[in-house]
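We begin with a single chain expressed as structure tokens, specifically the form predicted alone.
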């Protein structure tokens, strides 16, 4: 319950960002952005559940994060596109912590032929991308979000894409070995629509549903791509994963208690042109 006051002197604004005592599940928690989110949440004193595929080493990373932070963490290996796996994740987290306060969906799938041309894309790759990106978000929101709604509070943060908002600028990829597959845009567009739907569907239940849209997060990209990106970006550079993490602290914390149905675009002004 938020304090009913018009006097800002009665509010400790710094404490509003504190996540102490909150249990936060981060899917894709071993990914580029997921690891930054996990670290940021740990530094703000949350109990973080790092959930990712088995080969990612979530359990080992959670143990090291717990040792560094002094907070109890949990690593969990699962397939986000499988209902039984997501159900098991929820049950194991509740068994360990007794509650779930936040869900951050960072998972995504890049198949071996992820960057194939649209005309040459095969059903198997399309299905794999959609199953992870969109169906996985649907499953975690349905299973874990429903728990939050039943208990009257919670914050869900989903990750669409810049290409849920605008079309790709194909000139960005000229002279490089990468591109933006239609399967990615379509699946992430679905994540955005689902998030907007849930933001009003669960509002009366005390569950806030928001989104973070990063863009151009540097991950040892080839030089030509960096040069292309700088030419099209208002800030004239790519971003870093730690620059995205501030948004997730805001959306998971009481600092955003009156924010739902929003999409924070951490895109360096890319969609402002």
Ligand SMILES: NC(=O)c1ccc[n+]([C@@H]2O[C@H](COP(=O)([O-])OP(=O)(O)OC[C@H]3O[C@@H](n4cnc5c(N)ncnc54)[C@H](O)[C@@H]3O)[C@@H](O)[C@H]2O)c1
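All values derive from a computational prediction rather than experimental measurement. Positions refer to the first chain, counted from 1.
Missing here is the form predicted together with the ligand; even so, the following discussion is about that form.
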{"property": "Stretch from 172-180, 156-164, 197-205, 141-149 whose residues place a heavy atom within 4.5 Å of the ligand in the model of the complex", "result": "156-164"}
{"property": "Touches the ligand in the model of the complex: residue 87 (any heavy atom, 4.5 Å)", "result": "no"}
{"property": "Exercise: residue 61 in contact with the ligand in the model of the complex, heavy atom 4.5 Å", "result": "no"}
{"property": "Interface membership of residue 132, the ligand in the model of the complex, 4.5 Å heavy atom rule", "result": "yes"}
{"property": "The ligand contact at residue 42 in the model of the complex, heavy atom, 4.5 Å", "result": "no"}
{"property": "Residues from 183-218 in contact with the ligand (non-hydrogen atom within 4.5 Å) in the model of the complex", "result": "184, 188, 214, 215, 216, 217"}
